[in-house]
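Next up: a single chain in structure tokens, the form predicted on its own.
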Amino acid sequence: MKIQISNGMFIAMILNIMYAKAIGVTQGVLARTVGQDMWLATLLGTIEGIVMMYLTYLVIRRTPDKDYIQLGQLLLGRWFSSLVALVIFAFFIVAFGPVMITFVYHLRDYFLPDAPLWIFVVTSLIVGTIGCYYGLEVMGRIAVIGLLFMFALNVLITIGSMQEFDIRNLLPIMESGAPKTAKASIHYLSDCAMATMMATLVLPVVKKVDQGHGRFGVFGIMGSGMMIIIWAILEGAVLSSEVTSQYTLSCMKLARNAHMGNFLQRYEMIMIALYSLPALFEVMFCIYGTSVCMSRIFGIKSNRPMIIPCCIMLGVFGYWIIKDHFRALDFLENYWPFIALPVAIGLPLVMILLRKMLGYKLQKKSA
């Protein structure tokens, strides 16, 4: 029986894989780069992400039952499909670094400062392994629940921040200038890159993806942008860009400032409770993406035998990144966008070019 997920699950998966990192660490990076224009950089990155996601859809629209790896085999044979799988595998290995930075520093820096780092890495991988083992349909349902948590968190943080909201902190608009703001948007675009690379593996199992004309992926990026830009505006208006720029996890500072009445004064524990599922979904999909790619490279039908080896590789890289706080921030700001974007943009463009040049092969095989 073929695995299928609904369009709603696919949209929820896009929001989950972007949300935790984008509100957790990306806004702090943007504040350090363009100050109060960080919400404009987020908006611009959303528009760029829509284009990137649509490019991803264009690759598979004529062969909606084939992911990038399977399509690569149809175009140039087994060697090329293995190369595509290796590129996607490497992407998710490297993406695990920002995911661990987001997940571990939230829990360790604010709640368990004396706990050893390996506990956070191992426990997140155990939870991710369980979800990955049960497959995409279960992961899709988890993403839907995570989406509800995200809505609840956004509503709470918005209500709790209104008393401290000062729109003057967002002025003047475009103080950094259009070129600098556009350049800064690549940090948010790298979050969109995680969603588009997820789509390279997930789109073929989305119901009626060929009839949607790519709009479900576009809706996912748009929805993520709307959910995340709320945090960018609140952090700028409530904390100010100067304060936001001083924090690795600016969202936690905002949660500490939020309050409702006399009884709900601080949101940290509520935030972690609602935030945890999207963060764990990111871990889950990194395991899924790497294990699927490795199983295709070695010609194994199921990805399950490769889950444990991939967890070990992910765990080693993730631990190495988060062990040194300065190395983690340097990687996040200066290396991750320039690794993620060439892959997320270049791979779809290469596949589109090959389809144009070698499309006759697909016509022969379909006939």
Partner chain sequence: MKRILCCMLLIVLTVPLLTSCMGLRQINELAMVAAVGLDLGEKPGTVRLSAQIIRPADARGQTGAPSGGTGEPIYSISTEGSSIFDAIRNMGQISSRRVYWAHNFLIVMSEQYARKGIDDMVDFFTRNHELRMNTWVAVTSDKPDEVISTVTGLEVVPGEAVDRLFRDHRIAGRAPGTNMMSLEESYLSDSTEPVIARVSLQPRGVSNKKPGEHGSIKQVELKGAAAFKHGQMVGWLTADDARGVLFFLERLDKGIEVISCPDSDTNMITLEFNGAKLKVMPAYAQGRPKFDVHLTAKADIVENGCSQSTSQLRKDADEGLDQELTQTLEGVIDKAQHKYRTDFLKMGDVFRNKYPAEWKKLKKDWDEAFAEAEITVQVETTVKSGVVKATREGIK
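Since we're looking at a predicted model, the values are computed, not measured. Numbering follows the first chain given and starts at 1.
Beyond what is shown, the protein has a form predicted in complex with the partner chain; the following relates to that form.
Not one of D65, R78 and E137 places a heavy atom within 4.5 Å of the partner chain in the predicted bound form. Residue R256 is the only one of R256, K208, K183, R215 with a heavy atom lying within 4.5 Å of the partner chain in the predicted bound form.
Proximity to the partner chain in the predicted bound form, taken as a non-hydrogen atom within 4.5 angstroms, holds for one residue of L86, L148, I126, M226, which is I126. Contact annotation: Y247 falls within 4.5 Å of the partner chain in the predicted bound form, judged by heavy atom distances. At the 4.5 Å threshold, heavy atoms of P179 stay clear of the partner chain in the predicted bound form, well away from it. Shown alone here, V155 lies farther than 4.5 Å from the partner chain in the predicted bound form, counting heavy atoms only. Although the partner is absent here, V238 lies within 4.5 Å of the partner chain in the predicted bound form, judged by heavy atoms.
Looking at 218 to 226, 160 to 168, 187 to 195, 284 to 292, the stretch with residues near the partner chain in the predicted bound form, meaning non-hydrogen atoms within 4.5 angstroms, turns out to be 160 to 168. Looking at 111 to 135, the residues that come within 4.5 Å of the partner chain in the predicted bound form, counting any heavy atom, are L112, P113, D114, A115, P116, W118, I119, T123, I126.
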